[in-house]
Structures are given as structure tokens and as C-alpha cells.
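Before any questions on binding or motion, here is one chain by itself as C-alpha cells, the form predicted alone.
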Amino acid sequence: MVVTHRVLLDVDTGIDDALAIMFAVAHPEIELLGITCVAGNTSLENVVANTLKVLDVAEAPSIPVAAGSRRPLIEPARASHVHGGDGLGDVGLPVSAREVDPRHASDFLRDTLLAQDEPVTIVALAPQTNLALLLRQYPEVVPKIERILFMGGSASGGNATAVAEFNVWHDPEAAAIVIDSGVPTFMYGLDVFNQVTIDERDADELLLGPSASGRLAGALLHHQMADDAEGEPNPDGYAGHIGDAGAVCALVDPEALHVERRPVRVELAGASRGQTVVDRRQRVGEDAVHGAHAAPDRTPTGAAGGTAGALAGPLPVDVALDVDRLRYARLFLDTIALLP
């Protein structure tokens, strides 16, 4: 295989972000140009430390890692309770000697994007605060972004609230800025996120195997997510979700997904704050008939005549709605097996 995807990862490492980072490092079709970190699953300090530790285990080359936002644009930081005390399942990895890029994530992204001859894909596995700041501060980067593939949102129910998925709920204003920016976006949300799991026997083989990366992946797959705010483990035991790693699988094997191009709006107020409203209607609705819906201005942020945030209606997003879960499970296992 040859490199076909030049990628920047934005993460809040987290158990499933760690699995995604290892997958991205290992897959031969991916060139990982850098990783930016944001508060989300855990504090920014933990996210950076966890990212460096995972790169060490995977024996990754010198991939730049930059720290970004400590909190959402408006809300305080609200770490998830499900990833353990350090955000990485408390597996006890040693501290890394890798150095962190001194630039803020948004500056690192700007510099890296503008230095490229061809547009780059951003894979966002976290609250999109860093990306919103990038697009607001440096709209000149838009032509350098091929698309933003983000893990977030849902066309059905939520997990942070009854209707909102965690990454979007954590910073809904940032998600709205990214979706409304005019940059092509792909949503790998809870509809597919929750489907892809690794059989417990396969996770056992990783955990007991000779590969350090495999043992880490096995330990993370076996981590029992906390079932309540006090950190009590899930009584159902083993779950084995690859989570965010599925979004990176979507990059290299999109044919395993059922995708529909649908208008998406992020709710910013009330009980539905953080919900991604995916319009799956087949006919014109009463909102259009009675003037409550207008066609959006599809001029990208920063393009001639375009004004950030001046969109009259929701822009279309490629939304993953179903997945061949066994195919992605096999892809994940085969890719992790390439690591030392």
C-alpha cells in the first residue's frame, strides 16, 4: 500500500483516542503530520501526557504534538467520568521523554496546513474547540483543508444527554462553527460509534500477546467504563468498543459505511443544547413552506464574499448512519497487529 491520506489528528486522549492514535500510526495508507490536543475526556495536561505515552508504546516516529484549548469556548471544562482517573484507564504507562511543540494547537495547525502543497484531512476525535479557533483566527487555511472528519454527534439519541453526544455537547459552539464553516465535513457519530466492538477473545489475545502495542490495546479494550459519576464500573462488564478508532477506520475504508448527505444543525440552547439535528426528511417541510427555512450561503469561511457564521440554513454534512461492524473490527485488529 502507498500513503493516500495525509492527516492531522485532533484528540482528547482518552481510551478510544489512544486506540485511534495507534491505528493511525500503524496503517500504511496514513501519513500522520501531527497531533493536536484539547481538553475533553480529561484535562489538557492529561491529554498531552497520554498522547505522548501512546506514541512511545507504538514506537512512533517523531510526530509533532501540540497542546491547545484547556476549556470550551463558553462552558467550563467538563471531563468525562468514564475514562479513569488519568483519562487512560489508569493502565500505568511510564512518563514520556518526547517534547511538546511550543506552539498553541491552532497556530501549529495553521503553520502545518499552509506549508502543504496539497490539502490535508483533519480527523477530529474530540470537542472541536481547537478547530473553531483555527477557522476563526486563520480563515486563510480553508483551501488547505480537504475535509474535516469528526467523531461526534448523532442522528438518533445522545450519551452526554438524552439527545447530545459528548464531543459536541462539551463545546457546541465550536462544533457549530466547524459545521457552518463551509469546509466539507463528515460525521462519524454515535449511530456507528456504538456498533463496532472487538470480541473479548480477540482482546484477550492482544492482552496476553508479545506486542507492547497489542497489550495496551487489549488493556484499553478491557477497561470497564464507569457507569456513574462516582466511578462505579459498568455492571455489564466487558464492552470492547473501539470508539474513536472507528472514525479513523472510516478514513481508509469508507465503503463499509452507509452514508447520507444531510443538513445538520447544532442546537445551542435549552434542553437540546449540543444536539446535532440531522434533517433526514424526503419532502419539503412546513418550515420551508412557511418561510422558516432559507437556502444556506455555501461560501466557505474566508473565501471571497464569505462571512464566518453568516449562513442562513444548515449546510449538508456526510453522515455515517450504519456500518459493517465486523469489517471494521477486523480492520482494527489487522492494523494494530502491525505495531511492535
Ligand code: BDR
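In this text, residue numbers run from 1 along the sequence as written. Quick caveat, the model's predicted, so the values are computed rather than measured.
One more form of this protein, predicted in complex with beta-D-ribofuranose (BDR), exists but is not displayed; see below.
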*asked:* Is residue 128 near beta-D-ribofuranose (BDR)? Define near as a heavy atom within 4.5 Å, in the predicted complex.
replied: no
*Does beta-D-ribofuranose (BDR) come within 4.5 Å of any heavy atom of residue 186 in the predicted complex?*
no
*Just to confirm, residue 159 within 4.5 Å of beta-D-ribofuranose (BDR) in the predicted complex by heavy atoms?*
yes
*Indicate whether residue 193 is a 4.5 Å heavy atom neighbour of beta-D-ribofuranose (BDR) in the predicted complex.*
yes
*Can you pick the stretch from 108 to 116, 254 to 262, 203 to 211, 151 to 159 whose heavy atoms fall within 4.5 Å of beta-D-ribofuranose (BDR) in the predicted complex?*
151 to 159
_Those residues of 156 to 188 which, in the predicted complex, come within 4.5 Å of beta-D-ribofuranose (BDR) by heavy atom_ = 159, 165, 166, 167
